[in-house]
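As a starting point, one isolated chain is supplied in structure tokens, in the form predicted alone.
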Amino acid sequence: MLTTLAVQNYRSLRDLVLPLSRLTVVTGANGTGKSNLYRALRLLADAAHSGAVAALAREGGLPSTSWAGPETVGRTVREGTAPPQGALRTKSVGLRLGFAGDEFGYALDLGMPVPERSAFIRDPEFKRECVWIGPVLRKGALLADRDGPVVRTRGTDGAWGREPHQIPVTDSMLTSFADPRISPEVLLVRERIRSWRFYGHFRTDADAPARQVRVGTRTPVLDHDGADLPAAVQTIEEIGDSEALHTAIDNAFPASRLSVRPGDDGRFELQFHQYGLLRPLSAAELSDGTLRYLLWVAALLSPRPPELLAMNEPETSLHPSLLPALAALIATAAEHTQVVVVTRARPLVEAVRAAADDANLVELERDFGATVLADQPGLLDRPAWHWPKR
């Protein structure tokens, strides 16, 4: 389980260290940086799929995603007697992402490339990358250490290997150096990150993939667009927690049930049996809110739970009456996987806290443009964290 998430210089996340628990609910007003936190977590996961550089490029590159404010906010600016203004930077520009957990920790530092004859002058480079054991980075806990193109690893005797390894500066060592013979810990960290799942905006318009009738195959993991919803529901019925599935439907829509009708051509059709109706409704007939709730049911009751499941604004298009049922569903999922919920809906926050006594509430706010923890404004109060130095 992850216990700490750290982000530095990503959009409004100038220097954020976030405590995590089995179930963490991140909330705050509009513009406080909730979406940035969700995107930063996704970007961290992209490093395990060789996609961090490409993901940054889609956002405009490192210059566009870096913290846009001054390096320091002086006393006169905070007092309102002087406007914020830029000054000569004393620190290197870099985007840093990392996490620590019960077993391992990982951090990366992306920076601008050394000027050379290349058209790809905005592609960031991996300046540092570290994997360590334990909750906090320290010299004696390092298992793998990457400095530019050079990677060092410890052997089974605890000593550093004699021969350093060379990898491209635009590739993460999680993908270029995950060799079970040389660095089994790096491979283990990579595979755990790759199991993370992210669900943000499910489409529910008339042409949404979830409304279409498709060929069904066993689906223990709902796709990000929900296109395989009927197959995912049927898979939960056959090899998952069918009781939890029925409870989730009944909590939201009393006396209703969900079924899947397989056709002779192999296509699966979702059928929603609602009390008082003479025939079941197909996915094409469901309201946006009903369909979205069913998508969350399939995502959260996956028979193959991930190491981490992140949800971005799951309350979108749901009626407030559905939020307690959604909260109970989230609490059920947190029994088998670590869950991070990013939401702006206070009713959902309260419903999750009522459904799960151990839910960790993290509220964000802005401090001169930077995202900070509302109840932890001082750096001394945040979880212990150390970045690898260049």
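A quick note: this is a predicted structure, and the numbers were derived from the prediction, not measured. From 1 onward, residues are counted along the sequence shown.
Heads up, the form predicted in complex with a small molecule isn't pictured, but that's what we're talking about next.
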property: Segment that reaches the small molecule in the model of the complex - one of 48 to 56, 23 to 31, 351 to 359, 324 to 332, heavy atoms within 4.5 Å; result: 23 to 31
property: Of Asp288, Asp179, Glu307, Glu313, the one that lies within 4.5 Å of the small molecule in the model of the complex (heavy atoms); result: Glu313
property: The small molecule in the model of the complex reached by all of Trp132, Thr153 and Ser183, non-hydrogen atom within 4.5 Å; result: no
property: Arg382 within 4.5 Å of the small molecule in the model of the complex, heavy atoms; result: no
property: Touches the small molecule in the model of the complex: Ser66 (any heavy atom, 4.5 Å); result: yes
property: Any non-hydrogen atom of His336 within 4.5 angstroms of the small molecule in the model of the complex; result: no
property: Residue contact check: Arg42 to the small molecule in the model of the complex, 4.5 Å heavy atom; result: no
